[in-house]
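Below sits a lone chain in structure tokens, taken as the form predicted alone.
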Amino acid sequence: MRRYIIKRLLYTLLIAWGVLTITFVLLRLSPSSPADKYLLNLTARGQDISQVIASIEARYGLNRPIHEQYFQYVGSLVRGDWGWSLSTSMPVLELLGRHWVYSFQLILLATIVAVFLGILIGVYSAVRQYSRADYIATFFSFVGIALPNFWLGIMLILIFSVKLGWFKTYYDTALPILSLDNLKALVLPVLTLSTGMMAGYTRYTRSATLDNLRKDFVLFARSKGVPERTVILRHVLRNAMLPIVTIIMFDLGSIVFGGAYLTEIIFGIPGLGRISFNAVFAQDYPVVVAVTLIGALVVLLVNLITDVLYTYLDPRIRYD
């Protein structure tokens, strides 16, 4: 197992380097420049913009050949220097350090809600197969999977914030992160982000539970007089967890790049998604590269953790 983990970590570093290189090159080859944000004001004042743009690009080293910029950036990255944000004029690590906790809080709460409710509803739906509760759960799981996050978020804002006024539509960074007002402001974002995941977990849990309910070991346990709750929790659910863990960990990696970022933008949560969105439009190269690299590392490490979990959930699985 140790050899396998070391090998996977080396692959992780290699893939992360590839993501870093592709992102860096694509950003540098884009037709726009970080200096473009100054063009409108300077043009309106009738000033000569060529010298200003040249001085800005020289200040950040953007006038040098792309390979020189690349090797300098990678060298600084290895030393722990992630560069300076061009739009906020502060170190990238400091900027990420201020905002990552908001993304982590949103993802953690949404994952807990989705996993708990998805597994609970899925198991109940499987045990009560073909009942009214099963049909209702199946219907809403299909609806939850089909609803786009951005549409659901907008509808929740219109109904519960604009019409009913139950929740505020902004996150106040001046308040403590665990304050009651900010936790209330997270209700709609968590509901938006967790709905699709919960629907998927319900479907997978129901399918995996039904598959194991038909196995011989369940019939044997029931014939021995084992209580039904024990059969479901200790025998059926434990064996059904392997495919469920797979989809949970897959979602945990994918929402870092997808749903969480979009949800942050819709609800104004100042997390990594929001600052990366602003950085793209500001042509803030160091921030875009850093957020992309962090997202790639999270996905790769989550995949590694998933493989290790398999060995604990199913002792028959071994890695060389």
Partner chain sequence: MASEVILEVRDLRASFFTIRGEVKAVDGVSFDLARGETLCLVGESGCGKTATALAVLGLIQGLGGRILGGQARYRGEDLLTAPASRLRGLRGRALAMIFQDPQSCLNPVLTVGAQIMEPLRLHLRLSARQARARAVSLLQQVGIPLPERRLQDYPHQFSGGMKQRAMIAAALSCGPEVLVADEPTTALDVTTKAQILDLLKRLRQEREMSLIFISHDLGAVAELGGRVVVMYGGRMAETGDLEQVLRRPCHPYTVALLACIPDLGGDGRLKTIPGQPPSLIDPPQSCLLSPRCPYALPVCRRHRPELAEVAPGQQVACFLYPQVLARVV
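All of these numbers come straight from a predicted model, not from anything done at the bench. Positions refer to the first chain, counted from 1.
The same protein has a further form, the form predicted in complex with its partner chain, not shown here; the description that follows concerns it.
- Think of it this way: in the predicted complex, its partner chain has a heavy atom of just one of 71, 170, 104, 220 within 4.5 Å, and the residue is 220.
- Of the candidates 234, 98, 128, 184, 234 is the one whose heavy atoms come within 4.5 Å of its partner chain in the predicted complex; the others do not.
- Contact annotation: residue 80 falls outside 4.5 Å of its partner chain in the predicted complex, judged by heavy atom distances.
- Contact check for residue 2: no non-hydrogen atom falls within 4.5 Å of its partner chain in the predicted complex.
- Proximity of residue 75 to its partner chain in the predicted complex falls outside the 4.5 Å heavy atom cutoff.
- In the predicted complex, residue 164 stays away from its partner chain, with no heavy atom inside 4.5 Å.
- From the list 110 to 118, 174 to 182, 238 to 246, 89 to 97, the contact stretch for its partner chain in the predicted complex under a 4.5 Å heavy atom rule is 238 to 246.
- Within 4.5 angstroms of its partner chain in the predicted complex, the stretch 174 to 196 places no non-hydrogen atom at all.
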